[in-house]
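What follows are structure tokens for two forms of the same protein chain, given separately as structure 1 and structure 2.
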Structure 1
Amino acid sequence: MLVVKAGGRVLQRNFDRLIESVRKVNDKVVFVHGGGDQVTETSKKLGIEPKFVVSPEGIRSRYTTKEELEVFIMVMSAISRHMVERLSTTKRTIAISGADGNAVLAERKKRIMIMDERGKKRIIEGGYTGKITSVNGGLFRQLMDFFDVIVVAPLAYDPTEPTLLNVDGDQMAFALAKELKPDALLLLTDVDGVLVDQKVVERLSPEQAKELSFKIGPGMNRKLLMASETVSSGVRRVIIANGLVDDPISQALLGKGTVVE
């Protein structure tokens, strides 16, 4: 079994080749997709102004209002279904969210601390993003008896509210890999792998990956730290590779990219 994550940009720029690549896999695939840019685009068309917050550490991030969660659910679900639409001609494919069969549970952050416009730290009502708390491995294994590909949208489920939540696709993929213990977790991005001095780092032990994560730019640092944790938890390989090439899955499995193992 493989867990594959492709970001929204890979989907937008290389959809056909990505689909062909999934079609070639001779194994079960759990496919997590992103789509943040697509959500932003549709939000704009609907006249919803994006809201950002700044953390006390100065990190600016998107704030998911209820209104935007609606768009998030629509757009992410449509992306999932377009994958199913394309794959279902040859692969038994199903698309799920974290709520289906309580597949992926999360906790909504009810209150978050921000740095407000006056530069003061303030606690505000949290948006509709979540932190993943558990994955229903049994459900995925049962679904894999009947399906070749399980497409998972970055939508986790908080049953206490109850609400679907916007979760980061990488976090979703890492959480699934930790629970499902696939042969490999592939992260298909829009770069060739982890770059140091503009060269791809080919192999890293979990320890090296963790060390490097503290010295590297945002985005990739989280990927590396999570990759380190995931391999330490018993997943054989995490491969960070380019999703914009021909047959990106085969290429990643051949080791093109950064392999953490």
Structure 2
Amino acid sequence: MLVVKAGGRVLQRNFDRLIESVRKVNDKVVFVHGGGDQVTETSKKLGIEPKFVVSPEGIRSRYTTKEELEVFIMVMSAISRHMVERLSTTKRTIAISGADGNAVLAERKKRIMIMDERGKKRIIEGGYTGKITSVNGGLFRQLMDFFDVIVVAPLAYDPTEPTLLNVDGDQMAFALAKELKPDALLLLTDVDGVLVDQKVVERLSPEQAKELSFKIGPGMNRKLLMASETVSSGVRRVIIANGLVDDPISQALLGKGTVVE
């Protein structure tokens, strides 16, 4: 079994080849999709200005207001259904979010600390982003008995509010991998892997990945830190690879990218 995550830019620029790559996999696939760029584009068309914040650790993330959460739900649902439409010709495919069957639960962040435009730490209201607290592994395993591909939107459910929450694709993929222990977790991005001095770092141990996460730019730093934690939790390997190539899943499994193991 594989857990695969593809970001929104990969979906926008390489959708047909990505779908064909999933069709070629002779194994079960849990496919987590992003769509941040699509959410930003749709929000602006609706007159909602997207907002992003940076944590003290240098991690940049979307600040999700209640208004933008509605856009997020709409766009992510559309992406999921479009994937089901295309994959169902050859694969038994289902699309779910974390709210379906309480598949993925999360806790809304009531307060978050950010770095303001002056470079100072500031605490603000948390909005509608969440931290995943549990994954219903039994539900996913039951679904895999009936389906070849499970398409997962990066929305989790907070039963205490109750509300859907944006948990972003990376967090969703890492949480699912930790619970399901796939043969590999593939993170398909718009670059060839982790780049240091314009060269791809081909292999990293969990310790090396964690160390490098403190020295590398926003976006990739979080992937490396979570990859380190995921491999340490018992997942065999995490591969960060280019999703814009022909047959990106096969290329990643051949080690074309950065392998953390």
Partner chain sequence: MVLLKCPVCGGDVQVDDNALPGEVIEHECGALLEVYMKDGKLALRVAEQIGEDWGE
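As the structure is a prediction and not an experimental result, all values here were calculated from the model. Think of the rigid core as the biggest set of C-alphas that the two forms share within 1.5 Å after superposition. For numbering, take structure 1's sequence and count from 1.
J.: Pick the form predicted on its own out of these two and give me its number.
T.: Here the form predicted on its own corresponds to structure 2.
J.: Return yes or no for G138: a CA shift of at least 2 Å between the two structures, with the rigid core superposed?
T.: Superposed on the core, G138 moves its C-alpha less than 2 Å between the two structures.
J.: Core superposed first: is there a CA shift of 2 Å or greater at R92 between the two structures?
T.: No, the C-alpha position differs by under 2 Å between the two structures.
J.: 2 Å or more on the CA of K181 between the two structures, with the rigid core superposed, yes or no?
T.: No; that C-alpha moves by less than 2 Å between the two structures.
J.: How much does the C-alpha of K121 move between the two structures, in Å, when the core is lined up?
T.: For K121, the alpha-carbon shift amounts to 6.2 Å.
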